[in-house]
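In the block that follows, a single chain appears as structure tokens, in the form predicted on its own.
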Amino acid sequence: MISFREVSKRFGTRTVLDRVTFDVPRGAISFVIGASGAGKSVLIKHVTGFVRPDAGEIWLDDLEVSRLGERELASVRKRCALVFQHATLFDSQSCLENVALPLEKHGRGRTGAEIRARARALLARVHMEPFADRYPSELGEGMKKRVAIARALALDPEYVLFDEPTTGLDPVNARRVDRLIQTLSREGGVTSLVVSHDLTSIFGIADRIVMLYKGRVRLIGTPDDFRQSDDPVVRQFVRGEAEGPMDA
């Protein structure tokens, strides 16, 4: 599993994370929620070494990621893929070519034909194979997100980190992404850690939720735990209220 232990991070004089501690169970869909600026995206980027903690430890199974050098982090990034909020596809390459990139770099002896076949299979997995030869500029945001997820799956990661996967999507495409995350977990055994403020996603597919508030863990629990919570900060977020303690 992924384990955060007393993780702290500052940017200048601002404390973004303050002794954050929790575990991400293997095979589960875990969400990290909180107001904008709560440190959610910063937190998950620690797992792949894109951000380093000022204090504390991040563990991936029995490996302490926070102490690894760039060369050692390469193996971590194969096991733990990060899907960014924006699709970050290469506009000059087709969908097939975008998905094939990790396979070309880490193909382990695969031929060009094998790589293309694998890339097509990944696109089919996210229902995008008919668009294999299209370019990102020809696709809507929801379609680009699915291609980005296919690329993230290229090296068969055990863990996938999603940073705001439904942001900017219409409700239909947002729910398609939700179903895809569920399928990866239920059928593929992938452990998912999702940063989101989309209440429909959070209460629709989460097994476990971690709420950050002012850099600290406010509540960890199931969706029902959050619905039933009497904590005013939690209740404001769950109800989507405009005013309350989160604005203090």
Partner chain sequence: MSDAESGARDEARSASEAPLRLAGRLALLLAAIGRAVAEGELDRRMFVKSLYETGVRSLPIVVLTALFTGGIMVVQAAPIVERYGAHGLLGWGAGFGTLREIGPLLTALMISGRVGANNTAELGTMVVTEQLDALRALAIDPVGFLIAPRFLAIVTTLLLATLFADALALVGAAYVGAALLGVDPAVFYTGLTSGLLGFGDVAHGLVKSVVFGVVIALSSCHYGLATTGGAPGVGRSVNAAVVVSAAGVFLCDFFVSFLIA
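Positions refer to the first chain, counted from 1. Keep in mind it's a predicted model, so treat the numbers as computed, not measured.
Beyond the structure shown, there is the form predicted together with its partner chain, which is absent from this document and is the topic of what follows.
**Student:** Taking S92, L101 and K105 together, does each of them reach its partner chain in the predicted bound form with some heavy atom inside 4.5 Å?
**Tutor:** Every residue of the candidate spot has a heavy atom within 4.5 Å of its partner chain in the predicted bound form.
**Student:** Quick one: of R134, R176, R118, K78, which gets a non-hydrogen atom within 4.5 angstroms of its partner chain in the predicted bound form?
**Tutor:** Partner contact (heavy atom, 4.5 Å) among the options: K78.
**Student:** Tell me which of 65 to 73, 179 to 187, 211 to 219, 22 to 30 has residues with heavy atoms within 4.5 angstroms of its partner chain in the predicted bound form?
**Tutor:** Answer to the contact question: 65 to 73.
**Student:** Contact between L155 and its partner chain in the predicted bound form at 4.5 Å, heavy atoms?
**Tutor:** Output for L155 is yes: heavy atoms within 4.5 Å of its partner chain.
**Student:** Even though the partner isn't displayed, in the predicted bound form is R146 close enough to its partner chain, meaning a heavy atom within 4.5 Å?
**Tutor:** Answer no; every heavy atom of R146 is more than 4.5 Å from its partner chain in the predicted bound form.
**Student:** If we define contact as a non-hydrogen atom of the residue within 4.5 angstroms of the partner, is K45 a contact of its partner chain in the predicted bound form?
**Tutor:** Although its partner chain is absent here, K45 would touch it in the predicted bound form, with heavy atoms inside 4.5 Å.
**Student:** State yes or no: in the predicted bound form, is some non-hydrogen atom of T88 no more than 4.5 angstroms from a non-hydrogen atom of its partner chain?
**Tutor:** Result yes; T88 sits at the interface with its partner chain in the predicted bound form.
**Student:** Suppose contact means any heavy atom within 4.5 Å; which members of 208 to 232 contact its partner chain in the predicted bound form?
**Tutor:** Going through 208 to 232 in order - heavy atoms within 4.5 Å of its partner chain in the predicted bound form - there are no hits.
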